[in-house]
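This document starts with one chain, in the form predicted alone, laid out as structure tokens.
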Amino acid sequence: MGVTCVAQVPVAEGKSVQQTVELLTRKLELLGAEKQGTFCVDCETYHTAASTIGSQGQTGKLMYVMHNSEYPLSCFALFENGPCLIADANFDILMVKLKGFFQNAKANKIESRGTRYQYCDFLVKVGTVTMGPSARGISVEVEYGPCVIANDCWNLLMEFMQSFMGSHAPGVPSVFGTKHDSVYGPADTMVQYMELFNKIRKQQQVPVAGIR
């Protein structure tokens, strides 16, 4: 596991989500990247049960339960502005038993699914973000394998992302700001996906041209 950056790529003007994904993957293949299977990251939203809020006088909190095909034996639970818990895959069963405290907002399930590419020391994942049956956006995850300190390789990551994302290459992820010289880990990647998914959810509240 190296240092990873997760970003959203806007849909190209006059193109669909799928056509934009194809444009991105074509650029990667022209660079010399090779397909290395598929990936999936999913996220289910849980909100504090109404009975709990009423009895304890607390405001409602959201918790995101996430899975990543890179870590098939793990489950990630992230609180809003809070810690990330890494548990084993049986955590989903525990959430069912905790339904008196956290309730699943079923209509809010969101996932990114697509193809993995290897290019030298970089692992690139281009995914279509879907909610229900419809495509809502595009995610790009780039991992630089040899390094685990974000500050040491950000410039290299940025240069590589610009080679196929152009002006849509992202700025420094907010999670990097808290890492400084500490070791980057899987939870940091999941925080970035949570932020991206929430951003896409909010965008859907306003009609977006080109997404269909």
Partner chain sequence: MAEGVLSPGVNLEAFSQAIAAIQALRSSVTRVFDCLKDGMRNKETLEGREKGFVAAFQESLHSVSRDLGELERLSNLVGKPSENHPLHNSGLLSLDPVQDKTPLYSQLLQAYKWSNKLQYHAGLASGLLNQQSLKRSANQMGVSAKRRPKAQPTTLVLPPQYVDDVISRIDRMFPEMSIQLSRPNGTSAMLLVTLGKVLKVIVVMRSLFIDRTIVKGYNENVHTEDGKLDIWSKSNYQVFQKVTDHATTALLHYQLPQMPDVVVRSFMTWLRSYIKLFQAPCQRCGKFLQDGLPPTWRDFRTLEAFHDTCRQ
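Given the structure is predicted, the values throughout are model-derived calculations rather than measurements. Positions refer to the first chain, counted from 1.
Below, we refer to the form predicted together with its partner chain, which is not included among the displayed structures.
Comment: its partner chain is not present in this chain, but in the model of the complex one of 175, 66, 28, 153 has a heavy atom within 4.5 Å of it, namely 153. Annotated contacts: 128, 135 and 164 are all free of its partner chain in the model of the complex [non-hydrogen atom within 4.5 angstroms]. Using a 4.5 angstroms limit between non-hydrogen atoms, residue 120 touches its partner chain in the model of the complex. Using a 4.5 Å cutoff between non-hydrogen atoms, residue 34 does not count as a contact of its partner chain in the model of the complex.
Its partner chain is not drawn, but in the model of the complex it has no heavy atom within 4.5 Å of residue 7.
Among heavy atoms of residue 170, none comes within 4.5 Å of its partner chain in the model of the complex. Within 4.5 angstroms of its partner chain in the model of the complex, the stretch 145-162 places a non-hydrogen atom from each of 145, 146, 147, 148, 149, 152, 153, 155, 156, 159, 160, taken in sequence order.
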